[in-house]
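Form predicted on its own, single chain, as structure tokens, below.
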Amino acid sequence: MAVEVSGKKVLKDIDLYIDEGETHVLLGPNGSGKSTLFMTILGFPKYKVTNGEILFKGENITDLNTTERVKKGVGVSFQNPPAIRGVRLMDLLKVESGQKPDDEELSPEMLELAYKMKLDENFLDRDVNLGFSGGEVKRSEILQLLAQKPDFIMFDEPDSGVDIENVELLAEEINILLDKDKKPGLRKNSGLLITHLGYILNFVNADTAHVLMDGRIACSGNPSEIIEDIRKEGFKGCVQCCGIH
């Protein structure tokens, strides 16, 4: 798959397959195309697929808009989501979980999840992301995914800008979203995580790691081995290993 943004080719010959129940991690330096890949999979209009296609559960979704893709089971946790003035987090969660917007309260299930994410009623009554701390934004994003229950989930740097306590809490729910609490043969949900240093992988096991360099997947392999190499040598080691010029 090749992708252009504002007439500039950003992704070149991307070939990525994530099987049902698998979790993959995407690594790469700033500007390598990681966020572009996420936005393309989500169907944001300015990210144009110029060659290839996006298949989801055997269906070609390349020409579907973002709303249609989300309805089919694609979910995302953004690194820096925008604040939404005039929309309470509680009301957004109602829509995402299938409740009626005019219901007075969240369902007991959603309230329990909110408490688990350390988001009480006062917090739920606030506008989405308005004045939220970094940790609150991350917990809110994961709570929204728990409400949506998507089949394929993308996480954009869930471990950035949060303390160890928040990372552990987020990882616990990410593992549930990715069916890590089930035996491998029973896992249905799949995921793709962007991370710089791989800290989240101390708590969430990934099956495969990919290194994205200059809009291409430079190499794929065992997450622990690849991350250890990057920690020792940086991404310049990937350039040497893969012969990128």
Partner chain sequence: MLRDTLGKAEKAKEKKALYGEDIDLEKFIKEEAGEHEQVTKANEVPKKVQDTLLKVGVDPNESERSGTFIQVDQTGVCSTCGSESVEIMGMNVALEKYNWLKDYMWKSVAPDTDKYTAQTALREANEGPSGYFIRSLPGSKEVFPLQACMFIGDEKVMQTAHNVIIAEENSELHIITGCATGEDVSSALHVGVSEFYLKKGAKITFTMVHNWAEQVDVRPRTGIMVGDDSTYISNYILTSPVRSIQSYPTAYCTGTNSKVLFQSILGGQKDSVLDMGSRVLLEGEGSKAEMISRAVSKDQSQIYSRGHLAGRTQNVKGHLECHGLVLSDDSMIYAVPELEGSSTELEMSHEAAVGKIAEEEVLYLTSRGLTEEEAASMIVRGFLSMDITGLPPELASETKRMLDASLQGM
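Please read all numbers here as calculations on a predicted model, not as lab measurements. Numbering follows the first chain given and starts at 1.
The protein also exists as the form predicted in complex with the partner chain; that form is not presented, and the subsequent description refers to it.
Residue V128 is the only one of A171, M110, V128, L119 with a heavy atom lying within 4.5 Å of the partner chain in the model of the complex.
Partner proximity in the model of the complex, defined as non-hydrogen atoms within 4.5 angstroms of the partner chain, places exactly one of 93-101, 110-118, 156-164, 171-179 at the interface: 93-101. Site residues K71, P82 and E141 are all in contact with the partner chain in the model of the complex, judged by any heavy atom within 4.5 Å. Although the partner is absent from this view, L42 contacts the partner chain in the model of the complex, with a non-hydrogen atom inside 4.5 angstroms. Using a 4.5 Å cutoff between non-hydrogen atoms, N30 does not count as a contact of the partner chain in the model of the complex. For the chain shown alone, F152 is not a contact residue for the partner chain in the model of the complex, no non-hydrogen atom being within 4.5 angstroms. Proximity of F123 to the partner chain in the model of the complex falls outside the 4.5 Å heavy atom cutoff.
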